[in-house]
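The form predicted alone is given below as one chain in structure tokens.
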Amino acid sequence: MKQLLCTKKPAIFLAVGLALFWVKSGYAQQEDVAKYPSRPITLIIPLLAGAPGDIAARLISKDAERILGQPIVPANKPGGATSIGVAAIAKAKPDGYTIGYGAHSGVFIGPLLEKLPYHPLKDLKPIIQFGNSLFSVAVRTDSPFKSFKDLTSYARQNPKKLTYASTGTTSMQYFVVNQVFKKEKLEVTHIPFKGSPEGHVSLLGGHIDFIVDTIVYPLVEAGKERTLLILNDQRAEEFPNIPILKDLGYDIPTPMILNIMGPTGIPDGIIKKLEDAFTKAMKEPGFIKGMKENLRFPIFYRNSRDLGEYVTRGFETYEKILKEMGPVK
């Protein structure tokens, strides 16, 4: 009997030790959530500074940081059609102090076309959607192309002569417009750029014929660019007279969402604090004015759960499309 008790003691001590560890860890996590945030939060933006998506992410974060009581510090990590920045979000420590903008190309396209160090459905935690990007086909105002039909007609008669910019072959906008060109059997020369600002500089300098990118409203308002087509599946209230894909007979999904995401594993309590703060920020006059008057981006809300479901549906849809096309096995 004595020998039996002795053999059981290590197991008993181990069980008690593990129980104390888990209790202590639980208290520590609760304490971390209660104190969060106690220091600045890094906001990774997978775009060049000055790009419309960058401006939108900074805009909402400015109000959110006041609500949270700690600075939200933007950190631009462009490249790889946004996959470099999205990877940095996915691989960050899941403590709520590194979050970011989960750009659509890095979430819905890049992981399906190349091997990346993250999976959007496994490694990213959606927090909130606060708007939609508006992507378009744009030309300089002195361009002879007054409509998208003018552009495609010229391209049909002059194969490979037209040149256009995007942020890379794994970007959402490139994929969408490329499907249009394939359907129309057009040959157009693509020139990839690292970010939006570089592409627009090249367009305005006359080095390319058109650009496929986010609408830069200040350039449109200043009369420097003319928008021919909006690459979204819903008509934009901000640009009621510009046709969208469906108007021209193109049925291509375009989940181009403005959002905040973090790495998987952030405690639920911290996710809730972030979701609440960014939701309140969406109601602030500064954010609303910036989105509606300066960027001309639609404000659109999805909470953490709904955004997660939307991202899953969008990724699975694009996975199916790309498998049918051939790039994804």
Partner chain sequence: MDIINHLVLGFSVALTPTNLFFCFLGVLIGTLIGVLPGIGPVATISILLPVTFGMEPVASIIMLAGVYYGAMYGGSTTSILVNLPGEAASIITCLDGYQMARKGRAGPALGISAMGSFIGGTVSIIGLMVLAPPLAMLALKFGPPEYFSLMVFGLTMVTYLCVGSLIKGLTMALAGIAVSTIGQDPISGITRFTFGSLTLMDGVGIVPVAMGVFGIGEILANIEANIKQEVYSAKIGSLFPTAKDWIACKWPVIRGTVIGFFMGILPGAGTVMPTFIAYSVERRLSRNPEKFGTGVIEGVASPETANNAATGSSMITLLSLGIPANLTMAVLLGAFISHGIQPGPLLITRYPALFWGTIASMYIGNAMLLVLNLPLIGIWVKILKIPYNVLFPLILLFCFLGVYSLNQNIYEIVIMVGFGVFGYLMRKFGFEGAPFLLALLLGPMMEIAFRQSLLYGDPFIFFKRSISVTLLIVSLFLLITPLFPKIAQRREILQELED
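Owing to the predicted nature of the structure, the values given are computational and were not obtained by experimental measurement. Positions refer to the first chain, counted from 1.
There is another form of this protein, the form predicted in complex with its partner chain, and it is not shown here; the text below is about that form.
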- Check whether Gly79 has any heavy atom within 4.5 Å of a heavy atom of its partner chain in the predicted complex, and answer yes or no. yes
- Task: May I ask you to state whether Leu186 is within 4.5 Å of its partner chain in the predicted complex, using heavy atom distances?
- Result: no
- Does Thr214 reach its partner chain in the predicted complex, with heavy atoms at most 4.5 Å apart? no
- Item | Close approach of Ala277 to its partner chain in the predicted complex, 4.5 Å, heavy atom | no
- Query: Hey, with its partner chain in the predicted complex, do Asn132, Lys273 and Ile299 all fall inside the 4.5 Å heavy atom range?
  - Reply: no
- Note on the structure: Among Lys146, His207, Lys91, Arg156, just one has a heavy atom within 4.5 Å of its partner chain in the predicted complex, namely His207
- Message: If the cut-off is 4.5 angstroms on heavy atoms, which of these, Ala49, Ile67, Ala34, Ile288, is the one near its partner chain in the predicted complex?
- Response: Ala49
- Message: If contact means a heavy atom within 4.5 Å, which one of 108 to 116, 253 to 261, 91 to 99, 230 to 238 is the stretch that engages its partner chain in the predicted complex?
- Response: 108 to 116
- Query: Even though the chain is shown alone, can you say which residues of 179 to 209 have a heavy atom within 4.5 Å of its partner chain in the predicted complex?
  - Reply: Thr189, His190, Ile191, Pro192, Phe193, Lys194, Pro197, His200, Val201, Ser202, Leu204, Gly205, His207, Ile208
